[in-house]
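One chain is shown next in structure tokens, namely the form predicted alone.
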């Protein structure tokens, strides 16, 4: 049985790691805030004091952190994964990050006889808890096959999309679609409210027709209940949209829908909503439409 290292036990990372622990894999972990890993340690995970110690102990090392700068620090920084990793190991970065960084990591890892995969996910906190994430993978075919049994503990829709960075490019396509869809969700529910409709009844009807989406069926009911807790925080979504817009500029590609969504979410951050879930965009458009 492979020894598993895990770095990053936030809203999603904690649940993803728990699935691996529940299948009795030996797990060592590190998180910037130790208290967020206490429940995993009670279930048998071994605490490590830094990412390098995680790498030295294990065969497959997963990272699920916040920003590309965090990825670079835990993998390529001082006391990072690449300082201590053993030849023959695999690095799997599941953070939504920059395709160019994934390619840099692959190059550095290859120089140490280590394989790497970029494997961002979609499905939010619900998908992480239920083990139903979509996992979009870029990197070496043999590394993908080696890690696939672990991926299957966390997700249901798993695909290798190509070489290094292609998992991240796929996730950018995913986030571009979500960005505009969320505008549609909040405008739809605002319209329903102003028209005097019961919003939950509207979701029940349109969520089963041509307008159906994960966002309306999963986040719509949260909006109606006033639940804006983060399954995926606005500040992280703004980071993702920034990456997508940067990559689009590099490709000389105009994405006006994404740019508009980015402006609305930037307004949400200006209103102090950066730590709330992406569904809190509803608050921004609601305020815009008040007398």
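Rigid core (definition): largest C-alpha set, two forms, superposition within 1.5 Å. Numbering follows the first chain given and starts at 1. Keep in mind that this is a model prediction, so the values were computed, not measured.
Only in words, not in the display: the form predicted together with a further copy of the same chain, which the text now covers.
Against a further copy of the same chain in the predicted bound form, the set 169, 212 and 257 is in full contact: each member has a heavy atom within 4.5 Å. Here the chain stands by itself, but in the predicted bound form one stretch of 158 to 166, 88 to 96, 106 to 114, 70 to 78, 158 to 166, has heavy atoms within 4.5 Å of a further copy of the same chain.
Mapping the unseen interface onto this chain, residue 264 counts among the residues with a heavy atom inside 4.5 Å of a further copy of the same chain in the predicted bound form. Residue contact check for residue 83: none of its heavy atoms lie within 4.5 Å of a further copy of the same chain in the predicted bound form. By the criterion of a heavy atom within 4.5 Å, residue 148 is excluded from the residues contacting a further copy of the same chain in the predicted bound form. The closest heavy atom approach of residue 197 to a further copy of the same chain in the predicted bound form falls within 4.5 Å. Of the residues in 242 to 256, those that come within 4.5 Å of a further copy of the same chain in the predicted bound form through at least one heavy atom are, in sequence order, 244, 247, 248, 251, 252, 253, 254, 255, 256. The rigid-core alignment places the CA of residue 201 2 Å or more apart between this form and the one not shown. The two forms, fitted on the rigid core, differ between this form and the one not shown by 2 Å or more at the CA of residue 231.
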